[in-house]
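Let's start with one chain on its own, the form predicted alone, as C-alpha cells.
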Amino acid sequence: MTQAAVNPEKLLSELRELWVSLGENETDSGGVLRACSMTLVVAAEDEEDARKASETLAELMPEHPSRAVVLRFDAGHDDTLEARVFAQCWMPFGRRQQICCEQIEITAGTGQMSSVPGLVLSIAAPDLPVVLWYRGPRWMSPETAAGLFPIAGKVVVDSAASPHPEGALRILDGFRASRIRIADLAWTRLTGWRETVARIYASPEERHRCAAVETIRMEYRGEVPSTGAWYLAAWMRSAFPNAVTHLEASPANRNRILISGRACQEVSIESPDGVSAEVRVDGRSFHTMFSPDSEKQLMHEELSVLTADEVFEAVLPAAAAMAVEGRS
C-alpha cells in the first residue's frame, strides 16, 4: 500500500481478507488454524535487516505465535510510508492442518517515522501482550521511541554490539528508571555463566562459603569490557558481596572467571568460544555447554517470560555505575 492508502482500517481489512483466502485455499486439506499469543513489533534497520528479522520470526512462530509487525526504515525516501500483509505458516509433523500467523511489514522514511506509533497501536492484536524488539538505533529517535514505548509491555534490545558500552548502559538504566520494562539480549547471553556459578554454589554448605570468597578475577575478550562483561561483573559482585572484583582484558583472548579465598574452594570457569566452558573446582574439572548464541534462542528465552526480570533490573543500575566508574 502507498502512503495515501496506509491506515489501520485498511490494514485490518486486508488481514481479514488474507484469512478468508487462506481458508478457501486449504478447504481440501486439514484447514488453517489461526494462532496468536501476542503482538511482536520488530524495529529493523533496513531491508536486509528486515529480511533477517523475518527469518528469525519464522523460527519463533511455532513456539511464540504472534501478530508480527516489522518496521523497516527507508533512508532514501523521507516521505515513504508503505505496508503489506502476509502470513507465516507451518504444518506440525504428523498433522494435515496448517497453523498460520499474520505479519505486517511497514516501511517508513525519516519524515513519516512519527506516524508509525499510532499506526502500530491501532493494529495491535486486542487484549494481548505487546513486545517491542529494537534491532538498531534508527528507530530510537525521541518522537518515535516516545510513541512506541507506551505500547509495549516489554522492550527487547541488544547492546552487545554497542561501540560505547558505558553510554548504552546509561541509556538502558534511564529507561528502567522511567518504568519501561527493558530486556537486553547481552544479559540473556549470560544465562549459561550464571547457571554454572549457581550450580557450583547450590548446596547449603557451598552457599555458606560464598561469604568466604575474597577475590573474583574476570577476564574478557577484546580491548574494552562489553555491556555483557559489566553485567556479569555486577551480578558476581551481588552474589559475593564480601569479595573484591577485578575486571581486566584477557591476555589469551578468552572469557574467564576465577573465584578464590583462603577459606573456600578455588573455582575457574573458562570459555574460549561462548558455547562451551571448562569448569575447575579445587583441581577437579568438567565441561559444560551453554545455550546456542542465536537470535532465535535468545528471543525464545525473552518471549517465554513477559513478566519483570527482577534480577536484571537490580543488576542494570549496578552495571551502569561500574561502567561509569571504569573500575570494578
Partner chain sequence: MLLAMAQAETLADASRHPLEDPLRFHRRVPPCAVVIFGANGDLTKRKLVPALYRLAYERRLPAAFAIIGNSRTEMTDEQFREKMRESVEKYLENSPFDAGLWESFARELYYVPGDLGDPKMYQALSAKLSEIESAEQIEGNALFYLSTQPSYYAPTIEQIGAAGLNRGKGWRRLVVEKPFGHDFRSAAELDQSIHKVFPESEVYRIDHYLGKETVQNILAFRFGNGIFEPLWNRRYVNNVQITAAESIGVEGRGAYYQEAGALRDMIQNHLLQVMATIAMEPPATFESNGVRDERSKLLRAIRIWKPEEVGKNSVAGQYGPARVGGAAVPGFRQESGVHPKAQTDTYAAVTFFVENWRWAGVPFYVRSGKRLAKRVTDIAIQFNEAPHLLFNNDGGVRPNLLIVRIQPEEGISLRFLSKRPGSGMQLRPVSMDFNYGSSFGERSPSAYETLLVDAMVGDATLYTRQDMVEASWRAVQPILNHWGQRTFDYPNYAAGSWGPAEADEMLARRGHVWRRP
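As the structure is a prediction and not an experimental result, all values here were calculated from the model. Numbering follows the first chain given and starts at 1.
One more form of this protein, predicted together with the partner chain, exists but is not displayed; see below.
- With the partner omitted here, the residue from Gly109, Pro117, Gly153, Gly192 that has a non-hydrogen atom within 4.5 angstroms of the partner chain in the model of the complex is Gly192.
- Distance criterion of 4.5 Å from any heavy atom to the partner chain in the model of the complex singles out Glu301 from the list Glu55, Glu301, Glu47, Asp293.
- Taking the partner from elsewhere, Asn253 is found to have every heavy atom lying beyond 4.5 Å of the partner chain in the model of the complex.
- At least one heavy atom of Glu310 is located within 4.5 Å of the partner chain in the model of the complex.
- Interface residue remark: Pro142 is not counted as part of the site for the partner chain in the model of the complex, having no heavy atom within 4.5 Å.
- In the model of the complex, at least one heavy atom of Arg199 sits within 4.5 Å of a heavy atom of the partner chain.
- Look at 203-211, 142-150, 163-171, 75-83: in the model of the complex, residues with non-hydrogen atoms within 4.5 angstroms of the partner chain sit in 203-211.
- No residues of 263-278 lie near the partner chain in the model of the complex, the criterion being any heavy atom within 4.5 Å.
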